[in-house]
Ligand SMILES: Nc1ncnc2c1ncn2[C@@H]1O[C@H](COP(=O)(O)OP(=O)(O)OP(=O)(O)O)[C@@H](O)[C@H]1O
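Let's start with one chain on its own, the form predicted alone, as structure tokens.
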Amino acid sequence: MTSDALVASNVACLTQEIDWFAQVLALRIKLYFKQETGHCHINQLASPDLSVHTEAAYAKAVEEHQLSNEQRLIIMLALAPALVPNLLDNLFIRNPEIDRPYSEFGGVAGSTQGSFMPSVETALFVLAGDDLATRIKVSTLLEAGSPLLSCGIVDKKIHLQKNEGGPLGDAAIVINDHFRQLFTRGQSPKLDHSSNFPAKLITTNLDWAHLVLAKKTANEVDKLVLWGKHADLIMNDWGLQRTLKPGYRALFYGPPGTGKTLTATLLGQQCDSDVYRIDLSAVVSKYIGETEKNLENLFKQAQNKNWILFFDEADALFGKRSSGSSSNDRHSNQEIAYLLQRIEDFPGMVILATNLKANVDEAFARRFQSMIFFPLPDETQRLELWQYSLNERLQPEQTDKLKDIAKRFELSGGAITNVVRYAALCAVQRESDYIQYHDLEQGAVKELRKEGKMV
């Protein structure tokens, strides 16, 4: 489906849902002021059938999270200021007896925006009116751990406001920006590196056919693809969520340049997931508690986003625990213990990459579903990498010599790319359209020397 068609599908679905919410709100106000109406309860207004909107992100979310009519109305209430702000204008009316807004209508105090900004109290009014038993029942829909908050649709800042001393009813109801854009545009926003989000979205122009891996490694990677595509079937349809922890944790280890980062990126393509590489320099802090705080913020933002979190050079953060008794040792061990628990609880896919498996704490290793070794490519694989990287720019009469260079120089895929870049510059310097074998040979020698291998 095209992006325009996807937006149209979302708009059609939301239009039905907003019309239903508008009817419910109008009926609630009439019932509250005892005006004449043909209904005696908002439940008499049937909710729209969303099954006809098979491609709409909102309809999919309602089905996936099994949201009730009350939860759907709360979502529409939170979306209204952005989509149809005039819909809530009737809640601005003032109580003529005391010349102030009706407190039972709620609303965010001191809001400078032109539209009515709903609060939890607003939701209680719309769904329960002055029925105390129903108000108590509805309030549980916005308590910590409720489906709307745990799945991330309603922003959890609602409880930060509550913890600052104010009553729950005064807290604003805000749709998480990820879901707001998902419901309206059909796709979530792509976050970028910032002080509040220490991770970078990584992509590639390559595809699966360009990934050259050893057969055993490729078979292991295929298992990750299967999990990414069929986790919901395994956990929910088969009922294995009772015995299996959510998410998937994998360790990629092997020499630099052997395809660990590219594999993680291509996994995202295969599983239709965004892949975020964690900036460890922005996460790790020398101050006690700061590293855990930074990671907690990261994991919270990644919760329920269908992201793959990729920790490159992970031994800097997931290294071995020490047996010392100094405060620094205890602090480091506490960080690692926290990480163990946090990645185990994360419902998405987490990939750690390291050059040396021995540098990663054994307690992490026990919690990985996959530990995949990325060896240096053999001669056949190196030839394939040379052929793809050169893209037929080697001097035509010298192509037979590629087998010789693949045999002579034990280089990783990343190193081969560096050699091709060097050789391409040599060709440009000669004002030639073709790379010479001699350029590749020189570049390969330079790469080996960089790695400390004398030739």
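Don't overthink the numbering: it's just position in the shown sequence, from 1. As the structure is a prediction and not an experimental result, all values here were calculated from the model.
The protein also exists as the form predicted in complex with the ligand; that form is not presented, and the subsequent description refers to it.
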Item to complete: Look at the stretches 260-268, 129-137, 239-247, 76-84 and give the one with heavy atoms within 4.5 Å of the ligand in the predicted bound form.
Response: 260-268
Fill in: Among the candidates L201, L211, V225, L149, the residue which, in the predicted bound form, approaches the ligand to within 4.5 Å (heavy atoms)
L211
Response to the item:
In this chain shown alone, the residue from L383, L206, A337, L168 with a heavy atom within 4.5 Å of the ligand in the predicted bound form is L206
Fill in: P255, Y388 and G414 all contacting the ligand in the predicted bound form, non-hydrogen atom within 4.5 Å
yes
Discussion item. When the contact criterion is heavy atoms within 4.5 Å, does S273 count as touching the ligand in the predicted bound form?
Written reply: no
Worksheet item: Is Q181 close enough to the ligand in the predicted bound form to count, meaning some heavy atom within 4.5 Å?
Response: no
Discussion item. Can you tell me whether S370 touches the ligand? I mean in the predicted bound form, with a 4.5 angstroms heavy atom cut-off.
Written reply: no
Discussion item. Please determine whether N297 contacts the ligand in the predicted bound form, using a 4.5 Å cut-off between heavy atoms.
Written reply: no
